[in-house]
Structures are given as C-alpha cells and as structure tokens.
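Next up: a single chain in structure tokens, the form predicted on its own.
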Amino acid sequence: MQKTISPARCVQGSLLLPGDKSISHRYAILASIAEGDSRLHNFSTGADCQSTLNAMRALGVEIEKENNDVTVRGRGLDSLREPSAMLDAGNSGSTIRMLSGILAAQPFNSEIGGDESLSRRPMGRIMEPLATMGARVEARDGRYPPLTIHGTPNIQPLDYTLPVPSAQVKTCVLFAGCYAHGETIVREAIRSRDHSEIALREFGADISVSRRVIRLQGRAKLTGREMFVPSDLSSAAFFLVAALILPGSELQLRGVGLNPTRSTLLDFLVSTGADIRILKVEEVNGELVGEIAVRHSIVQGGVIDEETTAALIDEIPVLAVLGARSENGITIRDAGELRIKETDRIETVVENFRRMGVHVDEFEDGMHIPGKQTFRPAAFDSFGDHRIAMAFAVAALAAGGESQLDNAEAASVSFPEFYGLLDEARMS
C-alpha cells in the first residue's frame, strides 16, 4: 500500500494510544498457562500480538476477543495441547522467542515459524540456553526459523548469564523455568525491560530481583487475573518526536506505560532540551501508568551508546529523525542489533534519509546524523518494517510538500491505528 503524507503545521490534542505490545505478548502467554480465566483490558491491536493469541489458540487455549479486551481461559501449567500444524508467529520475533520457552517444556514436539522477514532473524540466542535446559531445538541452517522444538517435560533449571541485553531471551529462559523443578536464575550485565518479571509476579510466580539477578522458583502456580495493559511508550515515541519537530505543537498522551526500564526514552529526550512533563502517575498491575504532556522544543541532540542504546533499540529510527532536526545532531553507536531486526534498520534509515536529502554517516554499529537539516518531500519505503514506516511518516510531516510512503501497511504489525491518530492530531 502506498500512502500520501502531507506536511503538517503542528500536532495538537489529547490521544489515547493502543496497549503496549511487549506487555500484551507476556500477559497472553502467562494467562494461557495460568489456572482460571484472565481478562486483559486494552490489549494491543497490533498484528504481532494477534500472532501470539492465534498461537495460543493452536495450543488448545480458548481465547475470546471483544474490541480491545481479551478473555483467556487458562489451561494451567501442564494442559497445553500438541498443535496440529506449524505455529505461525507472523512477523513477531517476540512471539517466536518467548513462546519457544513454553514449547521447550512440553511433552510433545512442535514447529514454529513466520513470514519471510522473521525467517531471516537468527534464533541462536534462545536455542543455546534451551538446549542447556534439556530441550532439543532444530533450525534452518542451524539458526533461522522455522524451529522444530523437541520438548521435554523434565526441563532443567538454569543459571544463565545473558551474553547481550535482551528482554526476549530473558523471557524465553524464565518461561521455560516456570516448568522446571528448582530455581532458574538469569543474570544481566545491562538491565533490560522487566515486564516479564512484573507479569510473572502478578500472575502468582515466586520471583525475586536483586542487583540484576532474577530468581524464579519452578513449577510456578499461576492464577488467572484481571489485567490492564498500559499504552505503549514505544508507540508514543512517534508522537513525541512529531510534537518536538513541528513548531506550535502541544500534545497530551494518556494512560502511557512509564515502566522505569523503558523510561530511558523520556530521560534522553529531556536531556536534549525537550519540554516533556509527566502527569497523574499511578501503579496498575505492577506497572507505572501516567499522562505525558509534550510541547515543541528546540532540542540539542546527543549521543546514544552503550546501555542507552540497549534501552532505546526500538526507538532509534524515530530518534534519528529527531536528530536531523536538532541543533547538534545525534550519534548512535553500539547498535549492531538493529541490523537483525525486521529489516537492517541502520541501512533502511540511511536509505530513506538520503532520499529526502538528509546527510547521514553510516557505521557498522550505528550512524551519525548532523543537525539543522531540511527535509524535502520524498518517495520513502518502509521495506516491510513497521518502525521504519512510522518514523518516516513522522519525518514527512516536516517536509516541504507531499511525500509517498510505499508499504505503509507495515505499521499495522504493532500499531494499526497509527495513521488515523496521526491525522487526528495534525493541524494543516
């Protein structure tokens, strides 16, 4: 699908964004292996999370969906059913990596794959710990989906140090550890988002966290719950950047998740000079939720590297757009992980920038985008990547005329409402 995006004078208003994708995945999987019903409010509408729901249905879980509310009739820890066909994770790396931890502990074999993009994403980081726990995982060319998982009901606990910061790998190990007899330990050198630890605790698992060491007691007895999914801060990032780069903009984003392991985004933006305020903060199901108010600001830019890069890995495409409009530009390093996302996000950001006349220096592990650059209208391409589609839709708002975005439908992977909400907020 090609979409025409016209420049905007500013963005204004009050928006309620859809549920957090990361949290929705975790709630759906844990509710499925809990005992009793769970009601999940404001569940993500993105295609990735629908892939998780469909995979759980294929494993025998009864799931009902009404608007943005999902009812999951949990089967308990040991009652999943062997699927009759390959499980389809679609475009969702979260689905395949997290669910593999559950599948590794089942008394049956299963296969899980996805679309062409997912089939190019390496899975070695989950295969290695799952093998150590006793499951045998086979992959195309030894590392790519589809995966064949030879589950074992005698999965072993594991003391595992994450070689790189990855909340998905951490979650895979912890979900497998739910089935083990004994204590599973995950150690992090760099703290990653902790939605899994919070969700496990909320559903009733015996889990503790101290100094980046997570300890989970196996054979967890999980109980169905009523849970509210806060709005996705990663989705909010696109609207925050739109407001910051367009003079006269003022937005309020309601019900947004403000988990401290995700707040690096707000910390970084404020450090650049962004006028951002947090209002009405409360705790819901262990997660902090609040309202974000943002106004157009002259931002200075900055450097994203080391731990900051790990925390902002999903937001880097749209932060690159902000960097090009900042005073001093933005430098991104230690971001080699971007090259194995839905696309090579360093390459696709650079390509789209060059189409709109923006200078960028590409590195193997990142890029440098000088500031004070002018955006000219261009023919962009998402290359099938939802975050690239949305980042350059935001960039197009600040261009001098109409731009064309090819493969614009990729945004629906995480944010089907994106273009509608962008139109709602824009002032022409």
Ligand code: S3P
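Please read these numbers as outputs of a predicted model, since none were measured by experiment. The first residue of the sequence shown is number 1, and the count goes up from there.
What comes next is about the form predicted together with this ligand, which is not displayed.
Taking non-hydrogen atoms only, R75 never approaches this ligand to within 4.5 angstroms in the predicted complex.
Although the partner is absent here, R97 lies within 4.5 Å of this ligand in the predicted complex, judged by heavy atoms. Put simply, Q168 is close to this ligand in the predicted complex: some heavy atom of it is within 4.5 Å. Remark: R325 does not count among the residues lining this ligand in the predicted complex, judged by a heavy atom distance of 4.5 Å or less.
Only one segment in the set 247-255, 197-205, 353-361, 160-168 has any non-hydrogen atom within 4.5 angstroms of this ligand in the predicted complex, and it is 160-168. Of the listed positions (I313, A274, A236, A220), a single one reaches within 4.5 angstroms of this ligand by any non-hydrogen atom in the predicted complex, namely I313. Of the residues R125, R187, R191, R333, just one reaches this ligand in the predicted complex with a heavy atom at 4.5 Å or closer; this is R125.
Residues are counted as partner-facing when one of their heavy atoms sits within 4.5 Å of this ligand in the predicted complex; in 11-29 these are K21, S22, R26, in sequence order.
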